[in-house]
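Shown next as structure tokens: one chain only, the form predicted on its own.
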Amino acid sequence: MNGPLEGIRIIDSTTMVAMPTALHLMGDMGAEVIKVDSHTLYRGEGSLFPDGKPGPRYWDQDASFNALQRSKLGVTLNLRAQEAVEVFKDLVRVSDVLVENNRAGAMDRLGLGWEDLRRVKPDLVYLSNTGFGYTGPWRSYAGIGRMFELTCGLSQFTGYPDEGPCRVGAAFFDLHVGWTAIFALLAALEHRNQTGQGQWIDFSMYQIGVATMGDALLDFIANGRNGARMGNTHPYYAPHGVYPCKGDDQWVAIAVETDQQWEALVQAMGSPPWAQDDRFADALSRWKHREELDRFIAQWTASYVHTELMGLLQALGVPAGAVYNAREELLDPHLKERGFFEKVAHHPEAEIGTRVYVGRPWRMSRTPAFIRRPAPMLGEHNELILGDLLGRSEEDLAELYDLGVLGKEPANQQPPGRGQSVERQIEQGTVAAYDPDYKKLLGI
């Protein structure tokens, strides 16, 4: 089953989340993505392993690595050795795209910067992902996804009014950065197809974050308003919030924007007398008395299961959604019918078994995308890439292994710690619960 990007070869010389996400999605779409790894550096974060227990091949079991590096081939190159740099250049000669996310100037110091590699491959598309770009007074600053929701201004609006700024998640903007990188790469490839010219993409994560703040920036430009933390409320809609439902920590979100939706919500609640009060007669009045309104609605929602209430309100045209936890999301019948979560069987030596991974938010009728293969084990495709693709002999490969340029096991590394027990994580609030039947429920 050919994907829309079949025939495109991409070198993935990246770490962290954003760029690996972009490139595994391109791999899902049929591009041949070659992950340039290192056996001299620890791969992944080293904190999540199957059932919380790192095995003998712990370096192949890191959960973040396996989630982010799917649909890729893998080669290990110790780029501190000049022989590895020459192999890297040979790989560039037969590739279409190179993506790297080192600090500005790091690839230049290795002799693998844009000016170096455009001489090797004139039509190369080369993307450099940095925190703040290659120009400007912040060009030398380090940047990671976890900081950009604060730096770009999102945290001005997230959190409750009587508390300090609250982050959205672990690395909220990393996914936005990854998706936008795909757009930039495909645009550059289309330009190359039309002109035969490669180009360098100077890609700034900070600017992606600021670009998502358009309404807030426009409000300041037009009205001089700087916004504030709102919790679950809205600047001018009410009711707009998250309301308790039956069960422990179960919630439903309700967002009313029009009088028609308000009337439908009143109908769903059985037209209680309080809903006819002048305080709730129009949109402005409801917004001014939103705290009282929320208390009334919360009393009503508390008698419903969150998913049932979502169905009831949606059927009446009221925007509503159950607040899912991870278990509910993975077992959601809608996502199941759409085939959103995909099962992937790992290599037996990795001792991971079959796992479930997040798919893509689109479906293409003629060129399907799917997870092509599990993440590569360390050095798994060294012989395939250097031998079959680059034409290196067995003697050449043996020498590169002897020199430490290639490897299939980590060099001079200690196994990661086992981390905290599930019981301790639940006690601290890191996780809500542990389901011992999760494999059975997921069919793995």
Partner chain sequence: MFFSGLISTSGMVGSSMATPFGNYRIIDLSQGAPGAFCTKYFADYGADVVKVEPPRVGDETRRTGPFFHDDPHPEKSLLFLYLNCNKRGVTLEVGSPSGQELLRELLGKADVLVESAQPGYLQSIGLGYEELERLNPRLVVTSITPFGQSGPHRGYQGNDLVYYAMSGLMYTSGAYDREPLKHGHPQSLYMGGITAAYATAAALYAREADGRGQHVDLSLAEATAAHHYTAISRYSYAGLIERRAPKVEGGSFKGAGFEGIVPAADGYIGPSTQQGRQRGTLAEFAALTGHPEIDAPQFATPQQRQERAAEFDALVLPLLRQMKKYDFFDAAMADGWVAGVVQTQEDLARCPTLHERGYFAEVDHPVMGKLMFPGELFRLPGAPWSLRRPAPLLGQHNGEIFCGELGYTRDDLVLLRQQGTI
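Positions refer to the first chain, counted from 1. Source: prediction; values computed, not measured.
Form predicted together with the partner chain: not shown, discussed below.
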| property | result |
| --- | --- |
| Selected contact from Glu292, Asp277, Asp123, Asp249, since only one has a non-hydrogen atom within 4.5 angstroms of the partner chain in the predicted complex | Asp249 |
| Candidate from Phe370, Trp262, Trp287, Phe340 lying within 4.5 Å of the partner chain in the predicted complex - any heavy atom | Phe340 |
| Which of 224 to 232, 263 to 271, 295 to 303, 79 to 87 sits within 4.5 Å of the partner chain in the predicted complex, heavy atom basis | 224 to 232 |
| 4.5 angstroms heavy atom contact with the partner chain in the predicted complex for Gly159 | yes |
| Close approach of Ala63 to the partner chain in the predicted complex, 4.5 Å, heavy atom | yes |
| Any non-hydrogen atom of Gly196 within 4.5 angstroms of the partner chain in the predicted complex | no |
| is_contact(His347, the partner chain) in the predicted complex, heavy atom dist at most 4.5 Å | no |
| Neighbours of the partner chain in the predicted complex among 324 to 358 [non-hydrogen atom within 4.5 angstroms] | Tyr324, Asn325, Ala326, Arg327, Glu329, Leu330, Asp332, Pro333, His334, Leu335, Glu337, Arg338, Phe340, Phe341, His346, Ile352, Arg355, Val356, Tyr357, Val358 |
